[in-house]
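Below you will find one chain, with nothing else, as structure tokens; this is the form predicted alone, and questions on how it binds or moves follow later.
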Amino acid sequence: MSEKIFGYAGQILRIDLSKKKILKEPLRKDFIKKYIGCTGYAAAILWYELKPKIDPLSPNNKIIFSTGPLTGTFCPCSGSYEICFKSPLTNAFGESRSGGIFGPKMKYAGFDHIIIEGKSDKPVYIWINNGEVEIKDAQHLYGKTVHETTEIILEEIKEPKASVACIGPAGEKLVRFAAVMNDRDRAAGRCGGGAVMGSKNLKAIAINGEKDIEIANPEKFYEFVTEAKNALLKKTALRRFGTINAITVLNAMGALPTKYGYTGFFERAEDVSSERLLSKYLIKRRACFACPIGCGRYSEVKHGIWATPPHEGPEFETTDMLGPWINISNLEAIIKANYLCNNYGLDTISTGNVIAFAIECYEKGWIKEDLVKGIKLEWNNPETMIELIKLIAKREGIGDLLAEGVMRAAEKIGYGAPELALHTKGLEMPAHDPRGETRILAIKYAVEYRGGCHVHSGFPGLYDRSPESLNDYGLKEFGLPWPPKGKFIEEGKGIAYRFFAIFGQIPEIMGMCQFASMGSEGNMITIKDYAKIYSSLTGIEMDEYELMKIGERVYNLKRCFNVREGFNRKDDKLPKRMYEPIATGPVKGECVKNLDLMLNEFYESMGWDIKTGIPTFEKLKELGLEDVAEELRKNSIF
């Protein structure tokens, strides 16, 4: 590798809030070679610097804001950053992505990663401007919402072009699924990064910069990213209708999670559809930095009891989790709920999950009246949903229990609640049901390092959703089973998911949105495209096979982080409801039947021990992770 590092800012910012110490460190070239950047690089930092078994909400945890080499470049969909930490929700490896402009601003300010350590003795925020760093008092910001915090900080720093990532009241109250919000309405929502910021008394990071990103071969880079942009412009449905279009698509399949997974069919789906949003509430589309798709929505409710000012959303996950999941079809109330979650700094997926869970627990008599205190815990009640969102964010009343997340709340409630709770490893399940959509999501939910997640690493749901699927994600030549056997056939799904797990790491380590990496050649950025784009950007020649090897290395490293924390095959499981038949709709009766078969296939194809689900010493050695293997051996894991 040459001395000059193209494509990267070349520098890490490390801030110890306990000591008010600010350090700037050079980017490690050996880490670039092994892990590329973004979540790959951050995973290596957390592996080497975090002691196992620490309390995620203690000063011992670190939270890392990370970009990849493509972040902030002309490459389409390169507006991403990710935060990485030990999750207070799962006690496992936590990562969460967001778009907007914060990631590119990090690069322009001169930093690839920002590592936050320790805990401030009082609330603070960090102001980074073209490489200059200040730790500023934030006591006047505590209790402020995300929008209020953003406006006050922008006024104080006198730089309207800056990007602000902050927490709302939920993060301050250590709600375990609190989000980090940037650019007002963009969310790094999953795994509780907002609570980690809150535990450090860190209210916000404001950032601005004007530094250039140097490109090794500008002509080739421009050629390759132009090809990529033209491919992504073919995603016409996503561009026109946004992700909320999935409401009617999945409902027609019988795969729209409804009433806490009781069914996959919502009779009033048209009331919460993209067409309804477009006709009555949409102001305009919104796009992240350098995104030709623009899946974001910008909406408002002008009048009535649900009047809501203009803001971003709602997208699909939010609409379903705060709608059909709770049996609600009032789109105005959903828009209001989305606005409140954004402003309080709550993950909308986990919020909708715990609200529906509480309603069903109450219905079964497991939650008592003295805890409810007059709130009508019932389906299809928008007023109850709004009230619970406020209580969760403030940790008041029953909200204090639900703020712990569905796994911990279920353990405290007792009765049959732990079996009812829809999560894996503690992360609440999202709005994709493997029973009705495709069984490859079942193996994905079970094995993913961050828990019940549909999109890290990658979303494989388009692979076999329909019999005429052409969505090979550019992975056929690497061995992806083709053609798919059928979405409800479980045999072979564990083998197929191996390719998505590995390929799904590539957008994450590059600093890209996953939406660019779904489909087939000609309408997505394939692994071959990534290799060409990365090589021309950095001058580091790399082919698609080497890139896949790095993806496999990063996936294994994240798995090993969890193994060191005590996770193994016993934790790769699904909620009981996934084995219960869908009650109504086009795929009535479908359920997961043989997860063990898929687990065995996945472990074997990954080179992991089938009995334990742990990467073998030999596999880690093959991937260049000898020291990781030795660390696990030292901890008596082998």
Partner chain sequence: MWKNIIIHPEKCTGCHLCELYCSFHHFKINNPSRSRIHVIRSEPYIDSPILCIQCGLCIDFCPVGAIIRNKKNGAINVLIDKCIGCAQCVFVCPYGAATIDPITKKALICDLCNGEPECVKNCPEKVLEYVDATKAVYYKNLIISKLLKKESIPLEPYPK
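No experiment lies behind these values; they were computed from the predicted model shown. Positions refer to the first chain, counted from 1.
Keep in mind the form predicted together with its partner chain is missing from the figure; the text below concerns it.
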| query | in the model of the complex, which of the listed residues (G539, P481, P292, G131) lies with a heavy atom within 4.5 Å of its partner chain? | reply | P292
| Heavy atom within 4.5 Å of its partner chain in the model of the complex - the one residue of I367, M518, C288, A417 that qualifies | C288
| query | Hey, with its partner chain in the model of the complex, do Y260, L278 and M385 all fall inside the 4.5 Å heavy atom range? | reply | no
| task | Please run the contact check for G72 against its partner chain in the model of the complex: heavy atoms, 4.5 angstroms, yes or no? | result | yes
| query | R239: heavy atom within 4.5 Å of its partner chain in the model of the complex? | reply | yes
| Proximity of K532 to its partner chain in the model of the complex, heavy atoms at 4.5 Å | no
| message | Residue-level contact is defined here as any heavy atom of the residue lying within 4.5 Å of its partner chain in the model of the complex; does E360 satisfy this criterion? | response | no
| When its partner chain is placed as it is in the model of the complex, which of 207-215, 389-397, 262-270, 405-413 ends up with heavy atoms within 4.5 Å of it? | 207-215
| Which residues, if any, of 158-196 lie within 4.5 Å of its partner chain in the model of the complex when only heavy atoms count? | R184
